[in-house]
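As a starting point, one isolated chain is supplied in structure tokens, in the form predicted on its own.
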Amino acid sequence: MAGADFTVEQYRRRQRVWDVLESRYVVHLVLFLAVFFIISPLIWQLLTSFKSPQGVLELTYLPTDPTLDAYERALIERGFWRAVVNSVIVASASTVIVMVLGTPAGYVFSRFRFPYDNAVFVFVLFTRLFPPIGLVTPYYRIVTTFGLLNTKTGIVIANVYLWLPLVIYIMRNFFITIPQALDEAARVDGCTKLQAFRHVVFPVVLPGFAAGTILTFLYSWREFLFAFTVSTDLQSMTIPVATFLFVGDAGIDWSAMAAAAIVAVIPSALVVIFFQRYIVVGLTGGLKG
């Protein structure tokens, strides 16, 4: 056997290699490189946002003459603040609708049996597996027919379609972890099914509800493809689409675009920092079941 030819010296030599690879210095180096790889674009954006249009052309990493003019040009002169307001409205409205529809739907799929229930649930998830680019053309025809072009309503409907299956999946898996004996005990105490859901089961899955809310808001905040298809007007344009306004025929205002990108990142970064526990719970809970 091959194992019989493996000498003690060879074993020790291999073990020394693993000791080096598993040392804390190597582990810390790998983590540092991974973090640097992830945040380096953000650092570049932040430094560029403090440069003047002429300073962007200089081959320096740090701004030689830091200024906030790019933020003034982006938010005030270019009207980017409208896109920020639109994104807040669109992401908030999308989140409310998705959670109002997705939470009871997840409860139904976890508690009630009806003909072809599993097939219906798989179909709900299957709709989310379609590449979004394949749905752009029919969606554009629909919003055009109903007069929703260049409206925030058209973008909200797209977000609801995109993220409702995800929330149903997450909430269903959270409800499954709650014993049905809890519902039955509430019914024995005189609660209706709706009262048992509202007063007994729902409070137990509040962490999952919070996770679904945060994830839906973050995904709606950054959605680009459908927002780009529906909106060409700054009155309804969201942040990802409005960033294209800085690309002109004569050139690109890089520092203003970087300032707009930093403004776009701040709300989502704050949500991730303060609610990271719920995001992890939502992602891990969504993988169960």
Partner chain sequence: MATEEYRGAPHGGGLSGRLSDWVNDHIRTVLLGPSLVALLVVFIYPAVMLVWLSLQNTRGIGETFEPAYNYGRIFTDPTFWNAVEKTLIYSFGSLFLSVGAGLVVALALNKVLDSRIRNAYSTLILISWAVPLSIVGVTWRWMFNGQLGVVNKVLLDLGVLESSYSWLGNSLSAMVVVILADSWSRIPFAAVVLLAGLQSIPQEMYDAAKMDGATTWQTFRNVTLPYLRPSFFVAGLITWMFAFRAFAIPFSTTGGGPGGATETLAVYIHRFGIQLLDYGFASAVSMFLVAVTLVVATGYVYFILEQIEEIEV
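All of these numbers come straight from a predicted model, not from anything done at the bench. Numbering follows the first chain given and starts at 1.
The protein also exists as the form predicted in complex with the partner chain; that form is not presented, and the subsequent description refers to it.
Peer 1: Out of 194, 85, 206, 76, which one falls within 4.5 Å of the partner chain in the model of the complex, going by heavy atoms?
Peer 2: The option sitting close enough to the partner is 194.
Peer 1: Counting only non-hydrogen atoms and a 4.5 angstroms cut-off, does residue 182 reach the partner chain in the model of the complex?
Peer 2: Judged by the heavy-atom cut-off of 4.5 Å, residue 182 is well away from the partner chain in the model of the complex.
Peer 1: Contact between residue 234 and the partner chain in the model of the complex at 4.5 Å, heavy atoms?
Peer 2: Judged by the heavy-atom cut-off of 4.5 Å, residue 234 is well away from the partner chain in the model of the complex.
Peer 1: Check residue 66 for me: does it contact the partner chain in the model of the complex (non-hydrogen atoms, 4.5 angstroms)?
Peer 2: Contact check for residue 66: no, nothing within 4.5 Å of the partner chain in the model of the complex.
Peer 1: For residue 202, is any heavy atom within 4.5 Å of the partner chain in the model of the complex, or not?
Peer 2: Answer no; every heavy atom of residue 202 is more than 4.5 Å from the partner chain in the model of the complex.
Peer 1: Enumerate the residues of 80-101 that have a non-hydrogen atom within 4.5 Å of the partner chain in the model of the complex, in sequence order, or give none.
Peer 2: Only a single residue, 101, comes within 4.5 Å of the partner.
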